[in-house]
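Given next, in structure tokens, is a single chain: the form predicted on its own.
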């Protein structure tokens, strides 16, 4: 990977993709070359122009332009935010199949360009589409990553911080499993600084309740639905989540983020791509951090894994 150049290619200039691009420009210093690719080339050109016109206000200088798949050749990261919307009456599996065809049209030319970096997938359902990217690209598993439950984890920490009146940065908690209805919070692993939240909940000296934790978990799980109901789509949060993962990769941070990664025996599972805490650095997934789950949490995880297995097995690759 050419870490000096720090080149990122974004495929898909919809609201999610451009929220990521906007966040990258405003945070500054993450990459110094950003290429926009879209099936609608005119839109990609317009988005590049719009971002370039604001560079005078940005923290650092960047080269931003609309490009083609050949521009992926020397990129460090290819972010995929392209996909099709679900039609009325269309099943989830039908949508998956159509998005698989879209990915086939993307992955092949990217690989043929000579690209040898890291794929970062944001298209939903992200765990399945990350696995599709892995199967179509034949890249090593460590170099194919999905945004997974990174945004869900951020939502969880925000809500827990608000509940305990603590800076969310000092809340250590994760949402794991499918980025979807079967995701869950392993409460046994939630920490406020160095103190277990289950221990805090069991302390009669305060008014914190286990029922409130269940309510927060439900809020995390249904947040996307509420946002979509209010404004038709979610994009700012996931755009910032993509930016955070890209920053961890290009900065070789070895940060722990809950991304969609391929399991190779962890959590008694293999082959499935699913949201779990991972150490992320220059070469992608450096290590999967296996949490010590309770028996009931293990059952929830296996249920989530099965949901993803069933969905993937229904696809025609």
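Numbering follows the first chain given and starts at 1. Everything numeric in this text was worked out from a predicted model, so none of it was measured.
The same protein has a further form, the form predicted together with nicotinamide-adenine-dinucleotide, not shown here; the description that follows concerns it.
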Within 4.5 Å of nicotinamide-adenine-dinucleotide in the model of the complex by heavy atoms, the stretch out of 186-194, 167-175, 137-145, 123-131 is 123-131
In this chain shown alone, the residue from 240, 111, 159, 102 with a heavy atom within 4.5 Å of nicotinamide-adenine-dinucleotide in the model of the complex is 102
*asked:* Can you confirm whether 11, 40 and 43, the three residues that make up this candidate site, all sit within 4.5 Å of nicotinamide-adenine-dinucleotide in the model of the complex, judged by heavy atoms?
replied: yes
*Might residue 78 be said to contact nicotinamide-adenine-dinucleotide in the model of the complex, defining contact as any heavy atom within 4.5 Å?*
no
Q.
With the partner left out here, check for me: in the model of the complex, does some heavy atom of residue 83 sit within 4.5 Å of nicotinamide-adenine-dinucleotide?
A. yes
Notebook entry, point to check: Within a 4.5 Å heavy atom cut-off, is residue 24 in contact with nicotinamide-adenine-dinucleotide in the model of the complex?
Noted result: no
| request: Consider residue 15 of the chain shown here, and say whether it contacts nicotinamide-adenine-dinucleotide in the model of the complex, taking contact as heavy atoms within 4.5 Å. | output: yes
Within 160-190, the residues having any heavy atom within 4.5 Å of nicotinamide-adenine-dinucleotide in the model of the complex are 179
